[in-house]
Structures are given as C-alpha cells and as structure tokens.
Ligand SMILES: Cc1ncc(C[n+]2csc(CCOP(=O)(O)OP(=O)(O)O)c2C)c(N)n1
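One chain comes next, on its own, written out as structure tokens in the form predicted alone.
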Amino acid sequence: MADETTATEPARTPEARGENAPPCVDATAVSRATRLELLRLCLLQRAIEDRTMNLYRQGRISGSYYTGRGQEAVGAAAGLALGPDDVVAPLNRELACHLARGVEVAHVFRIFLGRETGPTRGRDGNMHFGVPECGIFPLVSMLGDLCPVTVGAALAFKRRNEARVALTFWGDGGMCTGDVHEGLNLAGVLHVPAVFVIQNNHYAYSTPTEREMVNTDIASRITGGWSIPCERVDGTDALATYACVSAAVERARADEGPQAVEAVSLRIHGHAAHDDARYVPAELRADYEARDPILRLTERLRLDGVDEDTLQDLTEGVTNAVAEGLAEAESAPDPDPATLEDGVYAMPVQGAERT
C-alpha cells in the first residue's frame, strides 16, 4: 500500500522540506535580543503574507498579491540596521522592513482590505503605501525608480549636516533600469549617505538573470562602474545580512559615501499570486527551500542556547498579533463612495466646458 503522504503529494527529501537547515553564521557581534527580533520579524512577515494569500484566494483582495517568502531576512535585517531618524524606501517583498520601523499589523491589513482607515483610504489594495511618521517612503511599481528618490533624500541629509541615512531596495531586474544607473552615478558624484540593497533573487518576473544582463556579477558592476563599495551576502542568512547592512549603514553615516549590498536569495513563490513559477528549476527551488531563512535562524538560536519555550512563545506571539491585527482591520469601515473623487486632481483642457 502506498504511503498516504506520497499518495497526495510528490515525495520530497528532508532538505527540500527545509529540515536540517544549515544554521546562520555565528555573528558574535549580533546581540541575543537582535537575533530574537530578527526571527520575530521574519515570522511575522511570513504569517501576514500567508494569511493575506488566503484572503486573496477568497476574493477579498483586488488585483494580485506579492510575497517575499524566502527573502524575509533581508527586509528584517535592513529595517533593524537603520536608526530611528533614517529613512527607507522598501519594495513589495520587504514587509519585515515596514514592521521593523514600527508599522502595525492592522495597518498592513487595512491597506489590503481597502479600509477607510488604511494609509491610502481604500484607494489602493496593495503595497503602494508609505508611512511618513515611520520614515517610510511609498512604493511605486516601476521598480528601480526609488533609487534617485533615495539619493535625493540622502543629499538633503548631507546638505543639512545631519547624521542620517537613506536606504532603498531593488532586485536583479531593477539593475537593468535607467533610473538605477543614473541614481548610482549621482550618489557617487555627490558622495551622499545612501545605502542600496539589491535583492538578487535570480529572476525578474520569469526572466533568469543570465538572460537580462551580460555581466551577472552585480556587486562588481556597482563597485567597478560607480566606485561604490558593494558586498555580496547570503540573503537567506539573517545574521550575516544584518551584520553586512549594519556595517554599510554606519559607513554611510560616517561620511564614507554611498554603500551597497547584494543579497542573494530566491523568490520561493512566483512573481505574484497568479504566477506558479514553473520556470524555476526544481533543483534550484529545493536548494533554497533547504536554506529557509526562518529555519536557519531558528537553528542558530538553538545553538545559542535559546530554549524551546522561548521560541514557542515568540511563535505564539506572532500568531496572536496577526489574528488581532486582522480582526481590527476587518472591523474598520469601508470608504464612503461619495468621497471617491476626493484628492483627485486634473488639469482642465483649455476651451473645454466644465461639467
């Protein structure tokens, strides 16, 4: 008789299931409190995204939905590496960065459910939102466009002699956009305190890196092309990524000019909820599933002597936070249809009658 598990799903090795994941590096400079907070943020992003994916499948979220599964460590690390007065321009897979900056779980659900009390007052049901009071710039869908915006913020800090840093993200696909190259060049010329984190997740939508650029060594391109220091780090290792981004942030703050980090990982899910990512080779996916950033960090914490009760309490806290945040968002009012055109402006056409 066939095993019941194999009868309903393909057989998978322990490595493909994420078991026996190699632990994160023993980054001794990263405190125990920061290690636990990194894990909490990674768990929180994944739990929110898993719940929101269910809402999407239920038809309660318009458009599509984008997750950062497998990349949570990068956003969490960058968010924690920044100081309270720094600013950041995250993209659609850096939810943990929002959370690290103080964005509430309910706030995230309010945007996706289109509530009146959400950051866009129900005008957008996706990640196109910012939180100015948390130092977060809003996302735009033209990935890479936030590079020159971030350079502008960093230039303002420099001109005001403020010890502040501006950080943004883009992916391997963003490396092929003009705004990124113009922004990098301007950052180098003006010697601004900006940090660029490149999420090299192997695919720009469905296009593999080797089909979108001749030189796939992103770190060397940034260093060689614009003389901006760029360190490559394993984006599935939360501690290594945190240490790397923290060092880059402090160098930028110390007036050493712009800095960059290439975080290598894999987008485990497709580009968005509608994309089954069948173009990703099974071997590559299995390799990165075996190096799940949450499992790797959890294993490191166990080696650090963190007991199972502490880990369980942390997990339960995340579960409760998601349930409470969703409940709060669901109880929030929908926007009033009468306000649909509020805040919408258009230049009148000369000679046209106004209705």
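Note that this is a predicted model, so its numbers are computed, not measured. We number the residues from 1 along the sequence you see.
This protein has a second form, the form predicted in complex with the ligand, left out of what is shown; the following refers to that one.
With a 4.5 Å cutoff on heavy atoms, L190 does not count as touching the ligand in the predicted bound form; it lies far away. At least one heavy atom of Y203 is located within 4.5 Å of the ligand in the predicted bound form. Within this chain, D86 is remote from the site of the ligand in the predicted bound form, having no heavy atom within 4.5 Å. None of the heavy atoms of D237 is located within 4.5 Å of the ligand in the predicted bound form.
Shown without its partner, this chain lists S220, N185, S141, S227 as candidates; in the predicted bound form, only S141 has a non-hydrogen atom within 4.5 angstroms of the ligand. With the partner removed from view, the residue among R253, H271, R285, K158 that has a non-hydrogen atom within 4.5 Å of the ligand in the predicted bound form turns out to be H271. Note on the interface: of 167 to 175, 227 to 235, 74 to 82, 255 to 263, the segment with non-hydrogen atoms within 4.5 angstroms of the ligand in the predicted bound form is 167 to 175.
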